[in-house]
Each structure stands twice: as C-alpha cells, then as structure tokens.
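We begin with a single chain expressed as structure tokens, specifically the form predicted on its own.
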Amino acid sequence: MSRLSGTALVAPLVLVLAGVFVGPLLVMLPTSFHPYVPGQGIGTAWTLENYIEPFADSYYRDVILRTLWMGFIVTAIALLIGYPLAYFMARTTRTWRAVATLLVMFPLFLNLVVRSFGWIALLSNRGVINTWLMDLGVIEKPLRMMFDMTGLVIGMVHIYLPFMVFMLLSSISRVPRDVEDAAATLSASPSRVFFFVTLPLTAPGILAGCTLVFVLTISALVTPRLLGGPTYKVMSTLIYDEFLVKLDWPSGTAFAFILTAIALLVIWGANRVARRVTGGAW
C-alpha cells in the first residue's frame, strides 16, 4: 500500500477526530486565559493565573499529586492481577479461555454507575464487608473504606482491569511457543523462561495496558465522585465542580488542559519507552 493510499484511508477518521475532539478543545482554549469575575462570569482580560494557581496553591498541588498517585496504584494493581489472568487465558484450553473471557467481559456489560453503587453497598460503614466482619467479631467498629484512596483504588481496579487483561492477552498470545520451547530445551527453568523470554516479549502489551489504564483512571469522573464523595477530590471531580458548582469556567478549563497535557505526556513517554524496548518495531 502506498503512502498516498494510506493517507486517503485514514483521512476521514482524522477529520472526524479533529472536528469532534480537537475543535472543541481549541474553542475552549482562550477561555482558560481569562479571569473569573464573581457575579459576572468570564472576564475580558488575559491572564496566566489559571495555569499558575494549580501549581502554586498547596490544595491544588495535593489534588494533582493524589490523581497521579491514584493512577499509579490502580495501574500497578491491575497489572499484577491482570498479567497472570491474561497468561492463563492465553495458554489454557479454548473452553476455559471462553469462560475466562466471559467472566472478564461481564463487568463491562453493566453500567458504570451501577458498578460504583455496588461497591458503595460493599464498602460503606454499614456495608456488606463491615457488617460481616463485625458479626464475626473480627473488628469492633467499621473500617473506613470509602471517601478516601482505599475505596477509589478498589473501585477503579475493578472497572479498568478488563482493559489491562485484554491488552496483555493480545500481547501474550503473539509470543511464539517455539521460542519458549527452545529456551526450555537449553535447560532454562520455567521461571527463567518466563522472566528472560516471555516477559520481555510482552513488554509492548504491558506498556500499552499500563498507559491505557493510567490515562483512563486519572480522567475518570463517575467512580471518584461516588466513592470519593464531595470532599475527597481528584482532578476530574475538581474540574466538574469548577464548571458546574462554582461556575468558574476559566479555572475549570485550565485544569482540564493540565489533565489533558498530563495524559498526552504519559502516552508520549510510554511510546518512547516502547520504541526503545522493541527497537522501533512498536
């Protein structure tokens, strides 16, 4: 396929993405450089204060760092749980693979709000887990598992684990079994075959899954809103409040662009690492 034909094939998609996503962003960009005037709305002057304040104010810095920490923890746990599961799905029989695929996909069939309320029923002070532990005498008072990082991480891992599993499954399935068999015939133990053959060959899938889960986690709104409550904020809930509660559109727009810049930086960094790991084949 020539370069001209390839460009013609992707041109409609590029135009749709530019019109639906990039266009509105460019329209909103000037808003972030205007001040917010209480009682009047968006001012007419130009300022960089909306971009300086998130890094100068300790409250906003904490929100940004909390968002990044949440993304890191959720991604790490999803990888630790998802890799063995994806490995099992890739190497088991067709029947068990179909069963495991259905179990992993099933949460995706449920509405995000329903899944979040399900975790509220489990994690709240009077929820199933605390009630069960107190009835057994394991604890005397309810454990705090909501409105902090614990509940957020549990809920987000459950929601985004399928994305990690399917990214890893695709990568693990492409690893040639002959390569692993060749390492085994050279007296390599199963653990050495895994760590020195299988794991490096699946590095692109690991990076892709981690990037996808991290970006989805830091930009999620519904689950942090429900499990974090109105006071435990991350960047997405902060942006929501700036727009719809405080009506401070300039600050909300600036926070949205900062979050977008973080996501793009993570994707760019992961792409650079993947190219270095695979020698440019990814």
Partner chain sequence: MKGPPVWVAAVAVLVLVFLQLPVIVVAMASVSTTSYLTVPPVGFTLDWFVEVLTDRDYIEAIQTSFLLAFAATAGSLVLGTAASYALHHRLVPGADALASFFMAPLIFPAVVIGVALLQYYSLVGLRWSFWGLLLAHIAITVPYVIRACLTSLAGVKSELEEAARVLGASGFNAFRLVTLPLLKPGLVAGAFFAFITSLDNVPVTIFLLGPRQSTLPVKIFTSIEHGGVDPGLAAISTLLILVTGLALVIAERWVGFSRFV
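Just so it is clear, the structure is predicted and the values come from calculations on it, not from any experiment. Positions refer to the first chain, counted from 1. Rigid core (definition): largest C-alpha set, two forms, superposition within 1.5 Å.
If you look for the form predicted in complex with the partner chain, you will not find it shown, but the lines that follow are about it.
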*Ok, Ile154, Met134, Val175, Ala76: which has a heavy atom sitting within 4.5 Å of the partner chain in the predicted bound form?*
Ile154
*Looking at Val113, Leu186, Val179, Val138, which is the one with a non-hydrogen atom within 4.5 Å of the partner chain in the predicted bound form?*
Val113
*Can Leu259 be called a contact residue for the partner chain in the predicted bound form at 4.5 Å between heavy atoms?*
yes
*Tell me, yes or no, whether Phe72 is in contact with the partner chain in the predicted bound form, where a contact means a heavy atom of each within 4.5 Å.*
no
*asked:* Check Phe196 for me: does it contact the partner chain in the predicted bound form (non-hydrogen atoms, 4.5 angstroms)?
replied: no
*Would Arg66 sit within 4.5 Å of the partner chain in the predicted bound form, counting heavy atoms only?*
no
*Counting only non-hydrogen atoms and a 4.5 Å cut-off, give the residues of 118-144 close to the partner chain in the predicted bound form.*
Gly118, Trp119, Ile120, Ala121, Leu122, Val128, Trp132
*Fitting the rigid core first, would the Cα of Val16 be found 2 Å or more away between this form and the one not shown?*
yes
